[in-house]
Structures are given as structure tokens and as C-alpha cells.
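Heads up, the chain below is alone and in the form predicted alone; it's given as C-alpha cells.
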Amino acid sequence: MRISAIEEYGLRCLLALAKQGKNNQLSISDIAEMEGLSVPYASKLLAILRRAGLVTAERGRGGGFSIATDPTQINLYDVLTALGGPMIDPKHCSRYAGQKNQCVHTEKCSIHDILGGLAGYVQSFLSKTTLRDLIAADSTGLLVRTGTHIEIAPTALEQELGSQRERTVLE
């Protein structure tokens, strides 16, 4: 899984608005400056987020963008799929069919199964992680700052993987 520039910067813009709260607004130029983006690029990202219902916009003097709902109600899976589409392209197998019209492994494909399983783990984890978790990463225990970046806390990932395995066995 690759995080595109649109997903990265779109998430940053959304976090900037989430930190302001639902009742406060930021202009496109404020957001662009805060995130080190050009105004046209920030405008493009905010338009995508607005179409997805994640932010609201108010025109006119004193207008701007604000987060559409409480940060506890917005999970990272919804944000990333709004910005970049599905984790695994539904047409994945047809895109990699070699010289044929259809993949030769349509009956049973361990590659498709493993990628689908991985996408399921990622989707489950991201669905449980909200913007509030990112804002308060140090206090949640879910994300841990290590040096210059943030990592998933090993216990949180182990718990998620364990619960995924339990669900798979039960199904």
C-alpha cells in the first residue's frame, strides 16, 4: 500500500481543520500556508474533502472551511478512501492478466487472497483510528512517537491481528 501525495496532504489539511474545531473556520490560504502547500493545491484537496462530506465551506467575507463533524466520528479509512479510492482496485486481477483478457488464476489465487487479507487488516485498523486519535496520539497509546515519526504501538497491532484471526476462525 502506498500513500499518495493527495492522501498525505489531504489528511494534513483535514487535521488542521479538526484542530480548529467544528465551529471555527480557516481560509484556503491559511491552510495552504500552515501545510506548506500552494493555494491551488490546497483548494483541490479541500474540494475533494468537501465532496466527501468531511469538511464544509462557507463563502463570502469571514467564510472558510471547517470540519463537518466531530473528529471522533471521522476515521482514517474514510478519509484515505475519499482522497485516493479503494485500497485494492476492484479491477486488480484484470489489470494483471498478462497477455490474456482475464487472469489465469481466477479459480484460486493466493496472491489475491493475501492482498485482500492485508487490505482487510489495514481497513480494520484505519477504521478504528479517528482524527481525534491522531490529534492526541501521545495520550491514546494507539500511536507511538519514535524519533521523527509515528508508529503503530506493537500491542495495538498485535491486538488487531489477533482479533482478525479470531473472527476468521469463527466465520
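Counting begins at 1, following the sequence as shown. Bear in mind the structure is a predicted one, so any value in this text is a computation, not a measurement.
Same protein, other form: the form predicted together with the DNA, not shown, and the subject of what follows.
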Contact flag, Leu54 vs the DNA in the model of the complex, heavy atom cut 4.5 Å: no
4.5 Å heavy atom contact, Glu58 and the DNA in the model of the complex: yes
Partner proximity in the model of the complex: Arg132 to the DNA, non-hydrogen atom cutoff 4.5 Å: no
4.5 Å heavy atom contact, Thr69 and the DNA in the model of the complex: no
Residues Gln73, Ile88 and Gly116 all lining the DNA in the model of the complex, heavy atom within 4.5 Å: no
Residues in 29-46 with any heavy atom within 4.5 Å of the DNA in the model of the complex: Ser38, Pro40, Tyr41, Ser43, Lys44
